[in-house]
Each structure stands twice: as C-alpha cells, then as structure tokens.
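Have a look below at one chain only, the form predicted on its own, in structure tokens format.
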C-alpha cells in the first residue's frame, strides 16, 4: 500500500479549525433571537386579545378594535385598487355544477316562503312591498361564474335573476342608490349584510331567483337571494326579506364576528 509522502496535501484548503467559543456564541445569539421573537409574538397576541372591542354603535361591533383597523385598511385599499366595473370571469353553462354546493342556513325559514314579499325601505316613512312575480317581470340576466367561499372552496355555478341596477331604475330608487351603502336581511333578520353601493350596482350583481335553470330551492335561499360575484359567499345573502339604504355602514353578520366588511374579490 502506498503512503503519501506529504500528508499536508490531503488536508482541505481554506477550512478554519473548529472554534468552540465561536460556535457557542453563535448558538447563544440564535437562541436569544428566537426567545425575543417568541416573547414579542406573545406580547402582540396578548395586546390584541385584551384590546377593547368595537362599541355596540359600530356596524361591525364584536371584533377587537386593532384587528378591525387592519381589516378596514385592507378593504379601503381593495376599493381603491379594484375598479367597481371589473367583471368576474364567466363560463359556459355546461361547465356549471349540476348540484351547486349548499353552505349556510342562518336565517332560512321555509314558512317564510309561503307568504313571502320583499320590502324595500325608501325612507323611514315610505316602503315598497313586492311579490316574486312582480320582480320576475323585469329583464332577466343569467350567467355562470366561480362562486368563492372564505372557507377556501370554490365552484362554478349558474344563476339567473334581475340585475340590482335594473331593479333600482325600474322602481325609481336612484335617490336611495346615491347613498353609500345598501343593507339586506332575511325575513326574521337573523342574517344581515351591508354592501358598498358601487358593488351593489355592479353589472353582475343579481337579485336571483334561479339556480341551474330552476327556481331556487329553500336551501339556496328561495324565493330570492343575492348573487354578487365580486364578493365572497358570506355577502351573497339568501332569502332576502328587506332592503334599505344608508350613508352609514349597515350591520353585517360576519363582520361582527371579525371578518372583513368589504369581503371583495
């Protein structure tokens, strides 16, 4: 067996010898940084957890005040960046799900379908009461789009109904539509939402009475629901009972539980 004449030739070049003190110092700094980061994260969580909630007078009362500030900033940014006229992508009807997914039943009441009427509050002293037959006399619009839920799922589905903007024009609600928001709730008022007016008047926003070419079934919000492709599903109110207008943000069911009020896509 041959033995190298110069063992120094087998040593790796440019490799520093192990320095225990330097290694220990690096470990100490890393551990200290990790500990400080964890302490800061805990402090932030504790501050948020114990922060005061919004007052009952706020439309989104229920969320912690610092969290609501961040959510509102996100919503304001989205409103500035996204044009109110941008259109959600539509698809051929053949691509729509045969049985659209059912999600959420808050405020749904089968008994309310029997003698249902839509009440539109023009002011505190004047309102309009409409039957489904009257609403269906307006021009019909239908399309398939990708319905998106904040839970993370989405599905292409096909909906039909009356454009909210056509509804506003037909019933001479232009003065009310000049306000900042529209509020909607179920007949029992257990589920309620607020929508910024530009989104409500969006050309794809529907007062919807059909799904997959058929009348809305109870689980999808019969006889009339909101379909608004530029918002997550939490804003697509089922079984609309009342509509009103306001310059202040109307109460919103999920916003009160800490979700983004704008909820835009």
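Numbering follows the first chain given and starts at 1. Quick caveat, the model's predicted, so the values are computed rather than measured.
Another form, the form predicted together with a small molecule, is not on view; read the next lines as being about it.
The candidate spot formed by 220, 234 and 237 lies fully in contact with the small molecule in the predicted bound form, as each residue has a heavy atom within 4.5 Å of it. Taking a 4.5 Å heavy atom cutoff to the small molecule in the predicted bound form, the contact residue among 108, 184, 118, 96 is 108.
Among heavy atoms of residue 137, none comes within 4.5 Å of the small molecule in the predicted bound form. Of the heavy atoms in residue 91, none are within 4.5 Å of the small molecule in the predicted bound form. In the predicted bound form, residue 101 approaches the small molecule with a heavy atom inside 4.5 Å. Although the partner is absent here, residue 202 lies well away from the small molecule in the predicted bound form, with no heavy atom inside 4.5 Å. Stretch-level contact check against the small molecule in the predicted bound form with heavy atoms at 4.5 Å: of 110 to 118, 175 to 183, 152 to 160, 127 to 135, the positive one is 152 to 160.
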